[in-house]
Ligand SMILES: Nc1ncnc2c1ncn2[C@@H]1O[C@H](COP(=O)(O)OP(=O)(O)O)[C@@H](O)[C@H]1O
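Given as structure tokens, the chain that follows is alone and in the form predicted on its own.
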Amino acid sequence: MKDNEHTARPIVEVRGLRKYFESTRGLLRKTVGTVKAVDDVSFTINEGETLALVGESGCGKTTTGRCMIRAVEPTDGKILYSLDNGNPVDITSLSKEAVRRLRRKIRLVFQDPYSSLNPRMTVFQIIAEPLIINKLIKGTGAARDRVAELLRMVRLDPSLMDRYPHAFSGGQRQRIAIARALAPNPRFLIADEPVSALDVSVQAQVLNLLKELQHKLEGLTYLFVAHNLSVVKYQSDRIAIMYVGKIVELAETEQLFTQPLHPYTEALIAAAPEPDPRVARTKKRVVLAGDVANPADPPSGCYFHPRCPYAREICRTTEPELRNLGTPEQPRSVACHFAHELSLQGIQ
């Protein structure tokens, strides 16, 4: 987190990740097109850090997270994970059995706490399942002790472990899902919109819990997938903005909010609700024209140019590269031809 001291040692490095889906039609399922859900995405996450992946629905952020644990098979690219001994391993080249073993250290928290928990299993069975499957614990007594410890960790009463999911609220179910993810002592957690299905009053509690766990569990690293910038503002160290399968900006959180370099980032910041009415009155309203580009038939040049108020002729013909406009000490990347000369609105 922001105030969490962490090493600069990369735990995950994604290089040129692509995931394409074939679009078919008719009884013979003839291929008629390709949906580029994730298109040449690269980023690094350091140990103990939180990187937020933010964008509108359908931009490819969830697919990116699922490719990283091979829940979805990537089309191309490399996903390098640093083992406990520091040696990197390419997840895309591992066998299914090796990936299954690696998932002890890389865990996923799903978006919907109502569908991610088996309604026919008790809380004890749900949380103990990864421990038993991976043979990390022996005996029912030891399993119950570990489940009780995990429930206390997520601030739930261990006496509730023999109840079924229907007896819990949405926020409590998500805490159970987090406890299940933490059961095998993972180093890397992919949180896929973990609060978007919860009431606003409960969201802050779950976010604070994730922050607290990262402080408590040394080295715990997050990829936090979200569509709302205001959710990740106080949650992340760095933010990567995705648009139609590509990263268009990646920067430290404070830097991105105070001085965005990409017009799409400016629009997302302007759309985020501001609780301070004095700030809200001074913010310029940014309204994007048109709809999100179709990943099966993206526009030429910059994918964002049909909606960009600053677009010029080169934006319509030439795709901008993701380039570093920061310093070696504080790198920040942006894919915009005119990022160096635009003066965009942020939040001070």
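Every value quoted in this text rests on a predicted model; they were computed, and no experiment measured them. Start at 1 and count along the sequence shown; that's the residue number.
Quick note: we don't show the form predicted in complex with the ligand, though the next part is all about it.
**Student:** With the ligand left out here, work out from 44-52, 31-39, 300-308, 316-324 which stretch has heavy atoms within 4.5 Å of it in the model of the complex.
**Tutor:** In the other structure, the partner sits against 31-39.
**Student:** Taking heavy atoms only, is Phe21 within 4.5 angstroms of the ligand in the model of the complex?
**Tutor:** Close contact exists here: in the model of the complex, Phe21 approaches the ligand to within 4.5 Å, heavy atoms only.
**Student:** Give a yes or no for Cys59: in the model of the complex, does one of its heavy atoms lie within 4.5 Å of a heavy atom belonging to the ligand?
**Tutor:** Taking the distances in the model of the complex, the answer for Cys59 is yes, it comes within 4.5 Å of the ligand.
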